[in-house]
Each structure stands twice: as structure tokens, then as C-alpha cells.
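Shown next as C-alpha cells: one chain only, the form predicted alone.
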Amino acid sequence: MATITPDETDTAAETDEQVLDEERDAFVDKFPTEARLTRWTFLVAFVALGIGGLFGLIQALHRTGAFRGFVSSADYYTILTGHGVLLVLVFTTFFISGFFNWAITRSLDRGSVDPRVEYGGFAMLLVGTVLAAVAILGGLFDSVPLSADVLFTFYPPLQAHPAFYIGAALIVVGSWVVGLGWFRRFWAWRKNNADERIPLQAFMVLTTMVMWYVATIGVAIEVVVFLIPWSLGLIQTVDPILARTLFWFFGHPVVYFWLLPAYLAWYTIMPKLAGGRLFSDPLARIVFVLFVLLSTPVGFHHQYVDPGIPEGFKFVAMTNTMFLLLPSLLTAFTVVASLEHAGRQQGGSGRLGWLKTLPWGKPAFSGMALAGLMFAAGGFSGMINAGMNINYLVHNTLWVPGHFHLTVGTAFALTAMAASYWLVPQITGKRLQLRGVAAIQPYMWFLGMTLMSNAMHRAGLIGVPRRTAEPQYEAFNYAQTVGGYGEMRIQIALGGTLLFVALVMFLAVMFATILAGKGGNLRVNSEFPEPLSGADDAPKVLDNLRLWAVFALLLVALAYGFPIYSMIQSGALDPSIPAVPVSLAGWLPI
């Protein structure tokens, strides 16, 4: 049994000091079944992170021309697909499954109602991952009749082997099943706590899953109804606009499925690591409710240049996307206020002097703080993507993956790594190994991403395309800018290399910890101090999950109902594009 001692991550807050005087078991001893499942999900996530990261390094060196000896330019697209699927679908989904499993167990203080449900969901996730990965990697071998070079955003006309689509469907359904296990746990808790407020971490897990259930309706229909039958030859054609619309119905809110676990860490874990307390529980609840409502009816801002979609609905999507700035800004205010409180509690003074007192040498804290800082930059570039007019300037350029690497590639990924430094000892009962390496790793990642994403954004502004193995063309020079195109290529290659080195450092710490022997006291624990403004200050209606689910579905119906009805009316399997929405034909003077 692992025991816990007061450590560097415990707060100076009076309430937490009182807790530290008590005898406590580590999470792995109190909830061994849940800790085991979290370990398995983390293990799969880390393996996917390693392979996907290696593919990312190959991409960075290949498209910049720094080294093209790993793969041919034709196989580059297989590597690109593997990089995207393994990192943004597999790594994220498995890590979130384990992280949320810990969070809801800890906050409700109860284990699974029936662990077979969560383990069944994990098995579906694993089988789906293996199928999708085999289909993708088969593209590297001429002797294997499998291929899935669909570049992660899987919609027609690019077609993958059926195994890829079946695997993707199993990953989505597996996440639903895992989430069902969490809701069953919550319903069981509610029977015994009818008048209690939902604990904050459980509230964050459940609202995220409500958003996820709504958001995945689109991709589930796309894959099951259209892509699997199409890839099996059961149907000969599909409507590419309808398939793209169903994909982006899911394709933008999936970003918040990645980011909201990072928000959970920033709201609840980071203030504790800083030695303080969350500034406001009510503001945190409002933020998560806003994401439930606004995350899904925004997907048309990925289709500004697509025909067959009324401009008015694209404008609505742009407006909704801009509204999403509100919960992000509320988060920035609340998290920074929490950190400032912590800094001043420890003697910091002046406008910025409190920053010096924060524990920048602790990898769990520095990783989350740097991830949040990088996310702020990603938010600004995201506003460009969302703008209906200025989006045309950067559409399908390297700007887009530059933005993407700031959000999922750093806000989520670096937060996940930082949280792992703090959480893995608690789910294994083993102390963190290679602490010196861990202390440097977040800064290495931050430096690498700064170089790479900065160059990607600037390259996008001069028109360098994304998803291209060799973006140089004969007799064509990109517009001259500060530093020039050659300097941007060097930055991308160097940044990608530093990111891979940081990734290897992280995996070395994780596997050294996992393989280490048990013994000694843990330096971390899952106890949290009460927020400065607690749940009792928040309106009880915020805990009404059914109400927010109904409103979310209503907003989705308003944003998507008419355009999708129009596409279906013109022929769900008809690849031709109507000049105007079919439902308006005969009504408009054309």
C-alpha cells in the first residue's frame, strides 16, 4: 500500500493543511479497479503518442526538405494520416477516458457500478484502434491490400479500406459506452445525495460527455450510414457535401472534447499545484454549460468555401463560433485569478511579482501553465479561422495546422503530459522517476512548438499549402516576408525535432515510473482545497444536465436542420450539388 505525505504540491491553504493531518490511502489503494483501468488507458495513449509523434517528426523533416529518406512522397500521406489519427483520435480519447475515470471516481468518492461497462468500452476502443491503425499502416506495404490515406478528416471523395471506418466507428461507440459507465455512477450517487450539488470535477466530466454525445451524432451517421456501405461497395455514390457536413458537425466540437479535460486540469489541479484555491466554482460551471450549448452548432465555419450551403447559415456558424470566445475568456480570467491568489498567498506582490512565487520548477505546474499560455495564442489564430471573410486568406494553408498544434498539440497534449507527472504516481503507487528530466521537458516542448507553430502561421499567410509532401513548385516563389520561406522551413524542421526530443523525454519519465518498484511515500495526493467561491454560490439550475442537453439539441436543430434537410431532399447519395437549397427552389426569383 502506498502512503501519502505532505509534499510540494499540497497547498498552503488552511483547509488543505487540515486534510494533510489525516491518514489517507493513495488512489490506487482506495480504488484499485478504477486505477487499473486508468493505467491501461494511459498506456495505450502513451504508445499512440510515441508512434504518432515519430510520424510527426518524419513529416516535419520531409515537407521542409531537411531529410526525405524515411518515406517516399507518396507514402508521406500515409504517415500524415497515421500522425493525425493516432494523436488526435487515439491518444486524446484514451487519455481522456483514463483521466475522466480518475476524476469522476475521486469527486464522487465511489467506484464503478459495474466495471464491465467501462472495461467493455475500453475493449471497443482498443479493437477500433487496432483496426484503424492496421488499415493505415497497411498503406506502407505494397503486399498488404489495405490503405487509409484519408488525411484524418475522413470524408469523400477520399476512400479508405472498410477496416478503417469500422475501427473509427468502434472508437466512437466505445467512448459512448465508457461515458455510460460514468453516468450510471452519477445516477447511483444522486440517489443517496438528492439535494447535493454535483462535485465540480464530476460536473465537468458529465457536461463534457453531454456535449460529446450530441457532437458525435454527425460522424456516427456519416460513417455507419454512408462510408462503411460505400467502402464495402454496397452503394456506389455518396453526396460529398452531406458527408462533409456530417463530419464537420463533429469535427469542430471534437476540439472541445480535447480541450475540456485540459480545462478540468487548469480549474481544479493547477490552483492546488500553485499553492492556492480555485477562484470561482460558479464561473467554472457556467463555462462548461456554455460549451455544451455552443460547441456543436458551429461546424459550417469549416465549410465557408463549400457550395450548396446557404450563406446565412455560414454566417450563423461564424456568430456562434465567436460566442465561444466568452467561455474561453471566462476561463482565462478565473484561472489567472486563482494563480494570482496563490502567488500572493506565498508572499508575491506587485502587478506581476506574484508570478515569481509560482512553482515553475515543478513539471506538473509548469506544463499546465505553459499550455494555457500557448492556448491563448491559439485562440487568437482561431478567430482568424472563424472569420467568414478573412478565413479565405488562410483556408487550406499551413496556417491551419499551425493553429491546430497550438490547441490540441499543446493546450491538450502538454496539459495531459503535465497531469501525468502528477497523476501517474497516484494510479500506480510509485514515485515519479527521472524528475530532473521531467522538470525540463515542458520547456523543451514549449520552445519546439513556439518555433514550429510560429513558422507555420507565417507560411500560411504567404500561401504555403498544408497536406503537401513537397510544397515547392518549379518557377514559383512564395511572397518574400520577414525571414523568407527558407527560414520558415528551418524553423519548422528544428521545432519538430525539439518536439520529438521533448516527447521522448516524457515517455522516458512515464515508462521509468511505470516500471519502477513500489515503495516509499508518494509526494502527491488527490485532495483539493475548497474554492474561494464554492458551489453554493452557483444557481442550482446549472446542475440540470437534461435541460442543457435539450437546449443543445434545439440549437443544433436550428443551425443544421434546414441545410441538412435540403441536402437530403436533393438526394442523399447524389453527388451533384444543387445551385440553391432545394427547399427554396420555386420560392426564390431565379
Partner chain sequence: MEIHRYEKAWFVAGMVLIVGFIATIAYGAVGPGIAMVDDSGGTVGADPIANGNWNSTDAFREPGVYRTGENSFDVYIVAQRFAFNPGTGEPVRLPTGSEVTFYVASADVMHGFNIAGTNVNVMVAPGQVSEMTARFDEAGTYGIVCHEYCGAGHHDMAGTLEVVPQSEYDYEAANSEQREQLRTLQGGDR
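Bear in mind that the values here come from a model prediction, so they are computed numbers and not experimental data. Residue numbers count along the first chain shown, from 1.
Below, we turn to the form predicted in complex with the partner chain, even though it does not appear here.
Distance criterion of 4.5 Å from any heavy atom to the partner chain in the model of the complex singles out 77 from the list 102, 250, 257, 77. Taking a 4.5 Å heavy atom cutoff to the partner chain in the model of the complex, the contact residue among 177, 137, 512, 326 is 326.
Judged by heavy atoms within 4.5 Å of the partner chain in the model of the complex, the contact stretch among the candidates 82-90, 327-335, 138-146, 435-443 is 327-335. Although the partner is absent here, residue 345 is not a contact residue: none of its heavy atoms lies within 4.5 angstroms of the partner chain in the model of the complex. Mapping the unseen interface onto this chain, residue 69 falls outside it, with no heavy atom inside 4.5 Å of the partner chain in the model of the complex. The partner chain is not shown here, and in the model of the complex it never comes within 4.5 Å of any heavy atom of residue 366. The partner chain is not shown here, but in the model of the complex it comes within 4.5 Å of a heavy atom of residue 539. Annotation for 226-245: interface residues with the partner chain in the model of the complex are 240, 241, 244 [heavy atom within 4.5 Å].
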